[in-house]
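Take a look at this single chain, the form predicted alone, given in structure tokens.
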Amino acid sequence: MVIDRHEDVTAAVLQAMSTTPDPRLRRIMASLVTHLHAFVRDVRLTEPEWERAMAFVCGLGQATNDVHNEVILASDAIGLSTLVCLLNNGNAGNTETAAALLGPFWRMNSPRTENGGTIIRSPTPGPALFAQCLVRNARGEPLAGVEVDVWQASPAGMYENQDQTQADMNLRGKFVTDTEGRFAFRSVKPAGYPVPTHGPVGELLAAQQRHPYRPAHLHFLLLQPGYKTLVTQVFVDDDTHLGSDVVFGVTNRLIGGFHRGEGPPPAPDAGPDWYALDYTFVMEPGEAVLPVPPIK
């Protein structure tokens, strides 16, 4: 098809892709081209703006490495990650879900830890946190043998792969639920933190006059054959950024019940300023598949 006007471009591209043998790929690419071309026409995208956009995309890749994933961060910062998550969980997006975005800091092979053990692997100042969690199915029945990955940032606001002062795999651990569907662990109370702003995403946030902060939270990934892998986060309920999470990850279902401990702490070395978390996870039937780790 010879192209004479801008109106001809979209039809030519769609025609060229129409023989794609994979029907799902054919549908996705046809929709992408149709909407992307419509966007360009809607905003009358200029050539300098197109060049800047291409530089932004290139910059995402250039800023991504084994310990930092700028591409995932960009998806998070425009709400794309949360949108995909909500559309694919909670009865195909029709009901409230316990799922949340994976984020750019999950690592494979976190250390296996005994139920009730600690995920503190190097000195980490902050109030002690004792978590008691339950995993059940939609019928309310406890699920035994669920593999649970836990990870969090330190109270200084950095994951251990970002911070040379922390031991490798600090504040990460892998647990297995007992016969009653329970798992427990000790950590430190998480704090809110800014997402990395040294790359293109930081430039975009600054241009939009948006703050870079995430509210304090714990990450969880639950894996059990016969159930859809549950990737989620539990947020500290009094954090000031709950309503303005830079990556749009907070839903009402994910706000946990962090509360200040009363009486003697569960461990004598915890000190008088300690916190507890009680939380119940619900897993949906489906396929148990691990996501691709965004970092090593």
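Numbers for residues come from their place in the sequence shown, where the first is 1. Because the structure is a prediction, the values reported are computed rather than measured.
Omitted here: the form predicted together with a small molecule. The next part is about that form.
Among 247, 236, 254, 231, which has at least one heavy atom within 4.5 Å of the small molecule in the predicted complex?
Of the candidates 247, 236, 254, 231, 247 is the one lying within 4.5 Å of the small molecule in the predicted complex.
Taking 4.5 Å between heavy atoms as the contact cutoff, choose which of 191, 195, 129, 98 touches the small molecule in the predicted complex.
Here the answer is residue option 195.
Mind checking whether each of 73, 103 and 214 has a heavy atom within 4.5 Å of the small molecule in the predicted complex?
Spot residues vs the small molecule: full contact, yes.
I'd like to know whether residue 220 contacts the small molecule in the predicted complex, with contact meaning heavy atoms within 4.5 angstroms.
No, residue 220 sits far enough from the small molecule in the predicted complex that none of its heavy atoms falls within 4.5 Å.
Should residue 159 be classed as touching the small molecule in the predicted complex when contacts are defined as heavy atoms within 4.5 Å?
Although the small molecule is absent here, residue 159 would touch it in the predicted complex, with heavy atoms inside 4.5 Å.
Can you check 120-128, 73-81, 133-141, 182-190 and let me know which stretch has heavy atoms within 4.5 Å of the small molecule in the predicted complex?
Going through the listed ranges, the match is 73-81.
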